[in-house]
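The chain below stands alone and is given in structure tokens; this is the form predicted alone.
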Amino acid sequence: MKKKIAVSIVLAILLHLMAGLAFGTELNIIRTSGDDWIAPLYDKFTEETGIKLNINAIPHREMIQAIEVMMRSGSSDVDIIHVDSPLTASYAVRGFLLPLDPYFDIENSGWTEAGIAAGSWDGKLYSAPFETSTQVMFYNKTLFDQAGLEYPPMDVEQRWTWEQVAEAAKKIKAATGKWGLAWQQINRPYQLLPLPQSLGGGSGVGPDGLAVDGYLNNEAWVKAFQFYYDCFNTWEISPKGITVDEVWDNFTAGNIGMIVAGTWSIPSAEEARASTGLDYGLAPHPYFEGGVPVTPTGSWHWGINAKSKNIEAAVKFIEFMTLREDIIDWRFKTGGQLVPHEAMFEIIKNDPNYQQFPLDIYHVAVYELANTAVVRPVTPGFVEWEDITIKAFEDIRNGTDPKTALDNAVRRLEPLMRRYK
């Protein structure tokens, strides 16, 4: 059934792209939906270059399926792909993406090291960094006051440990009956990987990008997810029976004391402050006592179909979208999404708007991107790895012993990862 749906999506995309065919240079682009605010940049690119853009925007999961079908068929109908950065290795191994090294001065590009790492495989760059991310801790000042707690400082040198967070969460739960702690992406590796990484447990995949036994279930991973287990099952400070889509809304409704969430949620928090009086603060991402601070990072990149017949125009598009400082300025200030380029650092450093709450947290974000950011596993089997780890995390949240859940994930993953050897 999934294959039939994917084929239908591809046929619809191709019909859409063919309907836009005209004389002159054109680029056919497939991207995820939900970022319509960026449309003025597409128009500006066409005005400056004369290159027409045929955009096909579809939801994330459907887009991933469509890319798989089109690329496996060797299609040249799509020129540029919106790449979810952890999938870069999978696409590169299978020859879907064009290596970008011959077309860009990567060393002097201004792209961040983490962005380049996320877009690389086997020493070559296959997807150009377009957006990135970091996580901070939002907290509800009203619930802190009711529990008689001091606020966590907005200082990376005094960031709270997970142990401090758990103790505060217990007091919030006891004093208010509200949940003490949550993660915005409550069961997803992107947000939970810093738990084992803070303890030195690594990314869950070996250096070869394929091994999982001893990497996904090592001592640090078990210890980290024992903490996660305890939050939901022992201390009962974190909510079960709540989906990723529902977690953030519970925080803005005043039902959660602390939530680790993306800086992209600041506009939503500001809306809640204006409409409901949500009194919130911001603090750096926590870490384990005795461990090291680690933060997640990564987001969308741009890649060029290895079969594209419009490589020169595609390179111009990527240069325009990822390297032009005026475009980076507009993107960051308009959309609020972090940009993996040094030009964004200069904006945050020099623009007075970023010296006041809540935008002053972006100074913490810059520090994290430069010092604590770690990308998700670089592996050609990322789709399989992510699907199975999400299931393991959900099992742990619902009461499965962490070691048992992680060992089961390893057993399921090993034959799937061997397919890439």
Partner chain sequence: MPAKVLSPQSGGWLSSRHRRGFTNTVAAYAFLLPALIGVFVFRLYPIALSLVKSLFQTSFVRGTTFVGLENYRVLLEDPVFWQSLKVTLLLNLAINPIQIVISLAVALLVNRQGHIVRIYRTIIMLPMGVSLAIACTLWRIMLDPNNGLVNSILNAIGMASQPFLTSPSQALWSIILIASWKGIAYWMMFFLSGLQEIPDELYEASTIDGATHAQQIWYVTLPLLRRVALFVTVAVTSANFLMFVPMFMLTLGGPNMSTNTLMYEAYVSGFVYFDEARGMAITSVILLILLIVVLFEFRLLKED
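Numbering follows the first chain given and starts at 1. From a predicted model like this one, the values you see are computed outputs, not experimental measurements.
Below: the form predicted in complex with the partner chain, not depicted.
- In the predicted complex, at least one heavy atom of K391 sits within 4.5 Å of the partner chain.
- Taking the partner from the other structure, the partner chain in the predicted complex has no heavy atom within 4.5 Å of any heavy atom of F225.
- By the criterion of a heavy atom within 4.5 Å, T25 is excluded from the residues contacting the partner chain in the predicted complex.
- The shortest heavy atom separation between I242 and the partner chain in the predicted complex is within 4.5 Å.
- Considering the partner chain in the predicted complex, the lone stretch of 59 to 67, 36 to 44, 366 to 374, 351 to 359 in range is 59 to 67 [heavy atom distance within 4.5 Å].
- By the 4.5 Å heavy atom rule, the three marked residues T142, K178 and K403 all fail to count as contacting the partner chain in the predicted complex.
- Within 4.5 angstroms of the partner chain in the predicted complex, the stretch 388 to 421 places a non-hydrogen atom from each of I388, K391, D395, N398, T400, R412, L416, R419, Y420, K421, taken in sequence order.
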